[in-house]
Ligand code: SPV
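Have a look below at one chain only, the form predicted alone, in structure tokens format.
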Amino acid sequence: MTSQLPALNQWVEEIAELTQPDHIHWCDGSDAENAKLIEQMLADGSLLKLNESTHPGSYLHRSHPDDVARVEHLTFVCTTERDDAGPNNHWMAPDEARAKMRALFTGCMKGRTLYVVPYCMGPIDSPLSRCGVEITDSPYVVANMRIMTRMGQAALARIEREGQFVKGLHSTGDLNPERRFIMHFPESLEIQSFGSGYGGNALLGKKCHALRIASHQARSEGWLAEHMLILGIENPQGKKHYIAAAFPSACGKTNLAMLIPPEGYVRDGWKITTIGDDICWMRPGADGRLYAINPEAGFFGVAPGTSAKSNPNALASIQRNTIFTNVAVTDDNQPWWEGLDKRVPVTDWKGNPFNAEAGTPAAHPNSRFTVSAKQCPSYAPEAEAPAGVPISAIVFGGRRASLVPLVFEARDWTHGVLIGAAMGSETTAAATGAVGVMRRDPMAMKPFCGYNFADYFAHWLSFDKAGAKLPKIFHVNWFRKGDDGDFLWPGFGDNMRVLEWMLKRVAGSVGSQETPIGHLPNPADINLDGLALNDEAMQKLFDYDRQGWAAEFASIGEYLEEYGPRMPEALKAEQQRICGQLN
């Protein structure tokens, strides 16, 4: 099989000549093809079948112990001009990067099959979707791409119609960390990844295409590619709103995307649906509103911490037809990870007998599950809507033990972009040995923006023009702590109370407290029924510390200066204006 698109055939031929595979297989995405790949991986031991009665159609993959996470220090953005990649990216000159990768790819697929994987990011018929082709020598990658994207014949047909696609070349190589690179060439819409079989490094549709390359595409084409969940909220009257939200890792993104409201809300008829848990592509519609799609078709979720208490919808999603990576296994061959339940596994993520007294985790802390989004109980059918869904609110948030209140609203779009640009999270002692070290992670895009952050902020600002009906922008902090070190807000399902207040602000049905940092809620306007919040909680969650915020905005000013003359004057002026009000 080949394509009807000469440019695609020629590229596949060139890569085959370079990599020297024994076979070439064009993937059609069919059930029969998938079954054959699974059978092949079971035979060579790269997949292990899990308990068929408890987890039908599910498998375990163990990756190389040195290949278990994204490798940001080996991830490069290769633009002609170094400043176009910006200080937020590792940069390499395109010619140097191509030469380095060509040497690695030469003959690397001898004895292997080259798989041609045509895929579509987003609903197959959506004008917001974009296509790519990944060439890989990993059947594990093919099986995962089938779950995470719309992969196969229909995607190939769209590529042939449009005549353009993102070119992704991947080989696991010899899995040597010294010979591992992930290169992005945004100017020519290309990705080259060598030496890793791990998700974000190898499933090129995910962070590589859907964020690093797509953010560059989005800038030139007038849309936004963002590291955001999308959830739907239906009120008791049947009115639906959609919210996009960006959080750095370990800030409850998937939990919010699959939120189950408190009992009283469910009883009253509120419903939450999940459009996506990780990536959001937004484009202005004819009516001036922003419309969003989730470009992914599946969830590539972190397993540890996922439980019936923390995220029952995620747990229900992964009871069948799931690929687990680097989890532990129980005595009856079920997948297991820390935080799941009280059972003790027999085998750790490396396949060794588990020793509970050794003090090392049974599942790798970054162990994963890959599953179709359609298996999620809260999955929204409108995730397949070609036009996307209209966004009523954009939410930014981080993990801040102090200073930042529960929720506040930006005064306008420029202020909202500044809130997103300045957002960050405090590290924990477990992670760094120092508590409360603030790391800024603009729009949760620090590892994923494919170009200079200063230009990225300017692109965000450009959406505020005549006729635009832009979403309101909010900032949340579920992680404020009291003097005793305990969280002041219960979080999880109770975050619904904050979402309800946001929708009231969107509708204009409640007022707010005007402060220099933005609109804070009047506590009486948030449903706190059944919550026992003491005076300290009420004060810290719903008020602001002028002196503390003056220091924060001085720090934000220093951060913006790091990007030099490309930083938009409008953002610097906004920071100065707020500084003036705080001092």
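For clarity, every value in this text was computed on a predicted model and none was experimentally measured. Start at 1 with the first residue shown and count on from there.
What follows is about the form predicted together with this ligand, which we do not show.
Residue contact with this ligand in the predicted bound form: Arg368 places a heavy atom within 4.5 Å of it. This ligand in the predicted bound form is not approached by Pro123, whose heavy atoms all lie more than 4.5 angstroms from it. Contact annotation: Tyr198 falls within 4.5 Å of this ligand in the predicted bound form, judged by heavy atom distances. This ligand is not shown here, and in the predicted bound form it never comes within 4.5 Å of any heavy atom of Phe76. Out of the listed residues His64, Arg70, His61, His519, Arg70 is the one that sits within 4.5 Å of this ligand in the predicted bound form by at least one heavy atom. A heavy atom within 4.5 Å of this ligand in the predicted bound form is found for exactly one of Phe453, Tyr242, Phe300, Tyr265: Phe300. Note that among 353-361, 80-88, 326-334, 206-214, the stretch whose heavy atoms approach this ligand to within 4.5 Å in the predicted bound form is 206-214. When contacts are defined as a non-hydrogen atom within 4.5 Å, none of Phe408, Thr515 and Asp545 contacts this ligand in the predicted bound form. Residues from 224-249 that approach this ligand in the predicted bound form with a non-hydrogen atom closer than or equal to 4.5 Å are His227, Ser249, in the order they occur in the chain.
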